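Shown here is one chain on its own, the form predicted alone, set out as structure tokens.
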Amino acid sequence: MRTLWRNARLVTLAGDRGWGLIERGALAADGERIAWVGADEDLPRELDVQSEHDLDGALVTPGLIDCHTHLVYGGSRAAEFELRLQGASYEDIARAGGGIVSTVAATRAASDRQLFDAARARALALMAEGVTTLEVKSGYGLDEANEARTLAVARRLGRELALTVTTTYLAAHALPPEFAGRSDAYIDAVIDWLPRLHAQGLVDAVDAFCERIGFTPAQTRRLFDAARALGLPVKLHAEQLSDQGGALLAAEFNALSCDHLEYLSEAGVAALARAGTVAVLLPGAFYFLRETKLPPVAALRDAGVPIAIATDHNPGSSPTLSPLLMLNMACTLFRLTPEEALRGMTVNGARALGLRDRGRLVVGQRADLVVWDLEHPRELAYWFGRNPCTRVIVGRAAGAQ
């Protein structure tokens, strides 16, 4: 079924720069794909549509893409928030048995229903601010059965909600208690689980936490070799708390993305540029952990590295469910322009997930649209503390509305 949306101010993001703004635009969706887009006055007379909608001059952008989340977990870490305010560092808490490991215990104790219901509520909150595609990482199970459970919950979200969900295997997130002091043996286990989880259709990509309190570059390399053998793309939590050379390693494997990157070196920037790897910046974690080391945005920009923005929703370092706030923080904290921030959660967010069929309002792309009560797209990063989203239209339902 072909649906026509008229009288809209379309933010197409066509091309590499600029908003691609069509002041009085129209867009036709044929099923889940955009079939025509342009000025309303240029609509082809022969265009056959079964349903037509007047958007009354509203601003329309591509659906937002949250390319880095840890959405499926049990429990809360609000107590650790208090500890940090009293002077404890993220690393102090992790080494004392808190941090990721405490969420692992809560996740293992939760039922499948509890995990799904909590994750669904979080996903709905993101969708209410315009998210139509998101990534969900595992990493709070840290054994084969619980990694499978959390990935299955993520898959179920994609089936039951009007939302595209991609899944990332992040078992190399932290060392579980049963492997204390045996990190190499744990990486052996993570590698052993991967083919079986992949065979179950649960894994779209592989990630690791390459950090002093995570895993070494050598351990990460072994996991990435296993992912490559299965034809799976890789991503990496890199250079968040220190420079471990993770970005260089990730670029060697043509990683889809490197994420965090506060301590990224000049050599790391150059490697990402050569590999075409997306730099995913996570202002929520930077803010919540009260970090002071800014990611090298100017160097990334100058090198032509695509920059994406994501919520990094997780219970320990970025418990936000507001992608719009992340757009604002990307500008106020990291000094991105409003256009760069929006591209970071559309065009480049899609690239960070290896998805080429969304992020712009151009012919052939998915008809994932968000309607906003705003005058100009720069306002998406300007306002905070309010939600101007009035309607979300996803491609698979576009022809039915």
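A quick note: this is a predicted structure, and the numbers were derived from the prediction, not measured. Each residue number is its position in the shown sequence, starting from 1.
Absent from the display: the form predicted together with a small molecule. The rest refers to it.
This chain lacks the partner; the member of Y263, W193, F209, F253 within 4.5 angstroms of the small molecule in the model of the complex by a non-hydrogen atom is F209.
The partner is absent here, but in the model of the complex a heavy atom of I100, alone among L281, I100, V278, A171, sits within 4.5 Å of the small molecule. The shortest heavy atom separation between H237 and the small molecule in the model of the complex is within 4.5 Å. At a distance threshold of 4.5 angstroms between non-hydrogen atoms, S317 is in contact with the small molecule in the model of the complex.
For the chain shown alone, R343 is not a contact residue for the small molecule in the model of the complex, no non-hydrogen atom being within 4.5 angstroms. The small molecule is not drawn, but in the model of the complex it has a heavy atom within 4.5 Å of R77. Residues with any non-hydrogen atom within 4.5 angstroms of the small molecule in the model of the complex fall in just one of 153-161, 309-317, 215-223, 197-205: 309-317.
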